[in-house]
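Below you'll find only one chain, the form predicted on its own, shown as structure tokens.
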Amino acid sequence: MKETLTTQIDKLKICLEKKDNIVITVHRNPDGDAVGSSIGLYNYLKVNHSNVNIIVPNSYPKDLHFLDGDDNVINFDTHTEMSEKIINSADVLFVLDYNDITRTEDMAPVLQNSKAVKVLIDHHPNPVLEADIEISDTTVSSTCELIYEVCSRLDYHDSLPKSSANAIYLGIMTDTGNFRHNCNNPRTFEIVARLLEAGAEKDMITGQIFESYTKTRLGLMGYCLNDGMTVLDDHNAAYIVINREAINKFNFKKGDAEGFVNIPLSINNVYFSAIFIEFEQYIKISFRSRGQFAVNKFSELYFNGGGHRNAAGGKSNRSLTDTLNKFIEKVKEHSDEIYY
């Protein structure tokens, strides 16, 4: 752990000794790392603090609703007035798994106006949000890894609660694609070992995420493999397209395509993969790579996004055809960079 991060955690410890109204927030469209980090921290803090709340900007996939503490998560979209009241009365405001307040969209003005001590805990590069306490490290696997480091230094418990261990394990597992990327640091696996010692239910969590698919999700996966995938053999890249017709045909729900972007990377000599999902107002894009190609830079340059070297996201407001044409054009431009 870097000395500067240790110093920030020490500042947080002093802050929490004097504050009790705590609000935990994450980015819009929460993923496993956002859900895991918020619930993991919530379950850790609630024993020592009488008023801790989690507020998410909108709903998240149903396969992430199994953690202890999930029932206490407040959805800003559906409980706006309540959420605003809670945020306005907060003493400490945690900003987890995002470093730009605009990523909360409709929640952003309320967060911006909050007088609470803002505590950023995040692993994404180039933070924009100004926080009073900043616990940021781009070398870790996930925000959940940083949540573990924070909890282990706060010393609220003799050992990490099992409910926190499960949530933190979920975030690390999902943000590394089940330990396939962003996890080359031995410390990540040391933390996983500590989580298992604390009672994290590895098999149960794996089953919830990877072994609880619906028939429609499997049908959508089959469509992606048979009709939706294109391999750019000369450029070591491949992409999947889920258009509006497929969304309607397979009754697409949030989270149904989670992990699909990784599928083309199992093809020999494919080192860069993308998936394009055509929603009504925009096209959601995810990028993955194995090897040296920095998909975060690719996404930042061309698709209004960002993330990590091997896992990033973006979006396009162009038509699907124009978006794909641009993607193929840029893949060809960067072809000599796409290797293992």
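Numbering starts at 1 and runs along the sequence shown. It should be emphasised that the depicted structure is a prediction, and the values quoted were computed from it without experimental measurement.
Note that the form predicted together with a small molecule isn't included here; everything after this is about it.
Exercise. In the predicted complex, which of the listed residues (H49, K62, K297, K284) lies with a heavy atom within 4.5 Å of the small molecule?
Worked result: Checking each option against the small molecule in the predicted complex, the one that comes within 4.5 Å is K284.
For this session: Work out which of H181, H124, R217, H235 lies within 4.5 Å of the small molecule in the predicted complex, going by heavy atoms.
Result: None of the others qualify; the residue that does is H124.
Exercise. Using a 4.5 Å heavy atom cut-off, which stretch among 285-293, 37-45, 50-58, 66-74 contacts the small molecule in the predicted complex?
Worked result: Heavy atoms within 4.5 Å of the small molecule in the predicted complex occur in 285-293.
Exercise. According to a 4.5 angstroms non-hydrogen atom cut-off, is A312 in contact with the small molecule in the predicted complex?
Worked result: The answer is yes: A312 has a heavy atom within 4.5 Å of the small molecule.
For this session: Indicate whether the small molecule has at least one heavy atom within 4.5 Å of a heavy atom of R103 in the predicted complex.
Result: Close contact exists here: in the predicted complex, R103 approaches the small molecule to within 4.5 Å, heavy atoms only.
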